[in-house]
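What follows is a single chain, given as structure tokens, in the form predicted on its own.
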């Protein structure tokens, strides 16, 4: 007899769980708190990039929307091995070894993405953001090569089509308010006064990033000022329901995925915009310039690594600066390398033909100190090393209290531009612990029968930071795990 499964949430992790459960012969009802327009959790707000291990470009071809794209022949995708993925995650682990969850993510990453491709989810090389042209070749960097066709909205649409094709059903405006239990474990959910029974429940309803109170409680008072990059609906109810049944609190609860954002962005993203403009509020080209805080000083090494490995921490660093903002400074040598969100007509920036003139336009900043910082930076740039954005080029400053270790170029080619940014939050790292079937564990590591979790609900995947593109992959890997586990448990 087919298992009857309820999935709470409708984002990438939920859809992956639903597709896997349906494949395994279950009947699946997905319950979504939002209306249809805002369904999909954080998925629609993403750029759709997915980080996974691969050994050669040949492994990417079966995933592509258009494998006949003429650019493929002159593209160097390189490789991104499981060993390299492991090293990247270890770099954010604050000295801790890889968790069991991280090891599972790494070892299952390619198979999960390929599995989605088998259900009609196709991908495109991220030429505009992850490659630079060098000697006639399009060279990818940072281990992140593919994004879902039409980015996050496309990923949701393709997954939803696959889910419905397999017979899955979705109810919108159906916020789950409680879990129902029986002697055998979790046996359904409450939607207000309505009881919906099931053989198993999969919680895939996100973290707590959209809750002002929980952000401040877990991260500190600065986080009252964070812009929420994604859905307004991830306010922690799923975690509360699980903890109410004794689920183990697991992972780094004061950690989150953040990113520098336009200071004047509106809260909860911008789904009303066309897909290519949807990410226009994100500002992650700081590695091509410098960032100054309200005191007129630099506060991070903007070139310490490729931006895939720094934006999650630097978004937090910006938010925790005085007055919770910073300015990103560039000169015209890099304008053609800035991502498209810096060029949209509603992007916030100031411009001048001299550094003195630019600094005079930096509102909210100690302007004399800002000008001194920029001039000291210019004097410290090593002019003997060539600039190369495709590698960690070692073009650094020397003798500053905080040096820039790569891609340091003088501000000497007007006009100059400055973009005001703040910190935006995407998702939180703390959650529940699951076993190797996706079943939620209690404080004694005993499975809570009938209760499964995936996506942002799962703790132990990220700690001190986040290599870009890992979040969606994690959602698919653990969503697939939970779907199979719930259908066969």
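Residue numbers count along the first chain shown, from 1. Every value quoted in this text rests on a predicted model; they were computed, and no experiment measured them.
One more form of this protein exists, namely the form predicted in complex with a small molecule; it is left out here, but the text below deals with it.
Undergrad: Within 4.5 Å of the small molecule in the model of the complex, heavy atoms considered, which of 316, 119, 227, 233?
TA: None of the other options qualify; the answer is 233.
Undergrad: Looking at 78, 185, 414, 175 here, can you tell me which has any non-hydrogen atom within 4.5 angstroms of the small molecule in the model of the complex?
TA: Of 78, 185, 414, 175, the residue with a heavy atom within 4.5 Å of the small molecule in the model of the complex is 175.
Undergrad: Can you pick the stretch from 25 to 33, 431 to 439, 61 to 69, 444 to 452 whose heavy atoms fall within 4.5 Å of the small molecule in the model of the complex?
TA: Checking each option against the 4.5 Å cut-off leaves 25 to 33.
Undergrad: Evaluate residue 237 for contact with the small molecule in the model of the complex, applying a 4.5 angstroms cut-off between non-hydrogen atoms, and reply yes or no.
TA: Within the cut-off, so yes.
Undergrad: Is it the case that residue 8, even though its partner is missing from this view, gets within 4.5 Å of the small molecule in the model of the complex, heavy atoms only?
TA: Within the cut-off, so yes.
Undergrad: Would residue 326 show up as a contact with the small molecule in the model of the complex if we use heavy atoms at 4.5 Å?
TA: Answer no; every heavy atom of residue 326 is more than 4.5 Å from the small molecule in the model of the complex.
Undergrad: Does the small molecule come within 4.5 Å of any heavy atom of residue 477 in the model of the complex?
TA: So residue 477 does not count as contacting the small molecule.
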